[in-house]
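So this first bit is one chain, no partners, the form predicted alone, shown in structure tokens.
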Amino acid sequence: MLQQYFGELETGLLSAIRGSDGLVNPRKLYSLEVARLGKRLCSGTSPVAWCGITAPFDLLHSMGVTSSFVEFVGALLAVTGVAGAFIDTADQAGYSSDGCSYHRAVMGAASQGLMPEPAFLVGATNPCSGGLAAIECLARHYSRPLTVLHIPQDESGGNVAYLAQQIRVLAGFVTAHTGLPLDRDRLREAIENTNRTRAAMCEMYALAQRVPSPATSKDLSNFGVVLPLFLGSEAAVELACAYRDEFARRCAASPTTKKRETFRLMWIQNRIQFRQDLEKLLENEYKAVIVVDELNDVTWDEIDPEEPFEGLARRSISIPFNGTMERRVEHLQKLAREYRIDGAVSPCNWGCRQGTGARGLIQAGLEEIGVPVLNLEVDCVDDRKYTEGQVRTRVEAFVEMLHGRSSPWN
């Protein structure tokens, strides 16, 4: 099922890109890389690793491993409209029905033989305990070796060295279970590609901050979550540069061709993964454009290719979901100021402690700087829990409220 889906997706996107007369929408390139990653995961041509979100994917790439975080599959099942059946399978097998639906869908898919069998698994204590529990369950299901990265909450004391040593051990773990050695030249090349990607991302995000923003609501949906899967590759560099160049082109276009922005919005945490019209509703009916997502940011410094492990450790520690809630709120406030946000949308994903559990503190923190928050009680994976009429009513009330407020940046 997955292999056929990714193959057909790649074929369709390549056809669309070839017919674009040289002006390629970077979103299509993004989708193409997602399709190609999916094909590699299903092809059996290289060892597969199922990982936590903060795994060093550029290190794994340099060692010839095809890797992904497990939530990638949960989102894919939602996009294709079949997540509900696999969630039911997991519930019937005894997995808690109040857990995150990303992980429940993954466990249901694994039990049905849908997920590619891994050579090994890499868990991580950040960003959530649910993700680590899913990795542990998958390791038992497949009877495959598991290692866990324990991510410190900050860089104090010897925390960076502690995590860097774990990543060194991870490289040895990969070799032990795949026979693939760590080639320092290939790792250096991967880190150089990561740094080039990072530089292009910084330029791209700076352009996205302009008023009006060159980014549409859909352009960077899930971008900051998924792009790390490609880090270390030439494809990541190409993708980040394509977005940067397209945003620069849009910014240089005549004012009459620039889209109108009545309101600039920030999206908190994950997008809703199944097909729905919320972004279109906001943009087309209310001229409310999502110009930034919480994870669409560069929070880490350039990595030294000669001493990569400390830099990889600092990057994992820097992710906004890691550490205290105060730190996450400060990051959201920073983005709100940089992008001159009028309001924020927070899908309080069912079973997610990062989303639903943090909603009150996030709302209070953003309202401190004059940015109101629309909390939507939805499930980002299970479309059976999405009621379009109720969401529309909430959005209409939120936009009406925004019309009655002055911008916090005037």
Partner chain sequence: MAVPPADFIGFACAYTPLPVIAAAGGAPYRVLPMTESPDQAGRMLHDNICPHVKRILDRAIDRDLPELRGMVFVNSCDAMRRLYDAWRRVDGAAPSVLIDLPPTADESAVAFFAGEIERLARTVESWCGRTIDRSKLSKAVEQHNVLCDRVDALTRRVEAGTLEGGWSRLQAALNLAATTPFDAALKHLDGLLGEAPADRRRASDPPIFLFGNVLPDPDAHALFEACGARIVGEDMCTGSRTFTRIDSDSTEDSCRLLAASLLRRPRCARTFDASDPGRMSQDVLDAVKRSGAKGAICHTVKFCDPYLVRLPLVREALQREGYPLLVLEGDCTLRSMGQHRTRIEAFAEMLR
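From a predicted model like this one, the values you see are computed outputs, not experimental measurements. Numbering follows the first chain given and starts at 1.
What follows is about the form predicted in complex with the partner chain, which we do not show.
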query: Any non-hydrogen atom of V148 within 4.5 angstroms of the partner chain in the predicted bound form; finding: yes
query: 4.5 Å heavy atom contact, R353 and the partner chain in the predicted bound form; finding: yes
query: Proximity of A93 to the partner chain in the predicted bound form, heavy atoms at 4.5 Å; finding: yes
query: Residue contact check: G311 to the partner chain in the predicted bound form, 4.5 Å heavy atom; finding: no
query: Candidate site V34, G74 and I290: all three near the partner chain in the predicted bound form by heavy atom within 4.5 Å; finding: no
query: Partner-contacting position among P116, P228, P214, G130 - heavy atom within 4.5 Å of the partner chain in the predicted bound form; finding: G130
query: Listed residue that, although the partner chain is not shown, lies within 4.5 Å of it in the predicted bound form (heavy atoms), from A208, A200, A139, A110; finding: A139
query: Per-stretch contact check against the partner chain in the predicted bound form, the hit in 51-59, 66-74, 24-32, 358-366 (non-hydrogen atom, 4.5 angstroms); finding: 358-366
query: In the predicted bound form, residues of 323-347 near the partner chain [heavy atom within 4.5 Å]; finding: G323, T324, M325, E326
